[in-house]
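Same protein, same chain, two forms; see structure 1 and structure 2 below, as structure tokens.
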Structure 1
């Protein structure tokens, strides 16, 4: 840890507190500096500008989100875990509305990696589904579809809570998008059995690898399976 890390962390926490308490979900750099007891040039030195500070707050939010995901109980049923993950995502949004909006509302100037890293977490969960033969699509494609629906539902709930207070609405959206990406293992008879097998084998290789092949051979096999699994 560098000597500036504690100060950087304190400023991120002060900015997040201000973000949460602000009626318009904005921050003032002067107020952040006063809360920590430093001058504004210190903020510019550590974060570049206000945008850099907001990016740091968003990335810190990802660390909290990832910690909650890591604490979520993993069962032997990856599809059940996926359902629980949707609900956990909604709970995080409801508990941290200002932070959630910062993390997931598009900001053209942002360099935050929070959303991409959340996509990676979801793709890993979907790889488990694919390994069980329960996924119709390639994991990252399915992750993008699910996350777009999850984020849209959560943002609508934050913006218009009176219209989205019923949790059944969230579950209907979840079930609708899951029906497009999940399938009952084994794959349906009208599905392409070769493509389904390729999806499953590719996911199992990503999860556990194999000692039967050299790394270059494994990479080549992964490439072949990727091509077979394309819709």
Structure 2
């Protein structure tokens, strides 16, 4: 489609560049026109409006977003894909903050369908999870939920002056929402559940001890648990 209307595509790309480099996340129609060497009326003929240009930029952003998704997903495990999708979303947001806000922040006019199409993409990924029996909710409901959380977290990351890009927060949110949406992972959870159980009991013993065993017994138990837990 960049072939059918090279001028249109050039203007969209110029607008996106200016949006990314502008300090206030704004663009000037004049500057966009000058960047591609045409005058303002062409812009208004092609896009009708500044809004129309911004909508086109947002949709173009969706194209890039979708391409990214298409390139990186489908490892075979749909749940793992979903996790990667969340992280990819966050990376996209941090790489293109202005474009991201244009796409995912509500604008009262905005005929852009970027957000809805991203929801569809996510719903499709979730349907694959549902086919694997890993989804507790209806795919579209789950998609809205996940996307809302993803956007909220991404905006939080954008708002902070990147003091410390805290991936822990993103992963916390991801785990919180996913555990509400997905079924418990089949059982594999721990490659070695015995070792996990031993570690857990050891921690509990160190924390509070027990009156069910004699001190000597407890001490020996501790040694055994250590041996079980050793790699």
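In this text, all values refer to a predicted model and were calculated from it rather than measured experimentally. So that the term is clear: the rigid core is the largest set of C-alpha atoms that superpose within 1.5 Å between two forms. Positions refer to the first chain, counted from 1.
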Lone-chain pair; form predicted in complex with a further copy of the same chain identified as structure 2
Please check if residue 13 moves between the two structures, taking a CA shift of 2 Å or more relative to the superposed core as movement.
no
Notebook entry, point to check: If we fit on the core, is the Cα of residue 24 displaced 2 Å or more between the two structures?
Noted result: no
The CA shift of residue 221 between the two structures, rigid core aligned, in angstrom, is 57.4
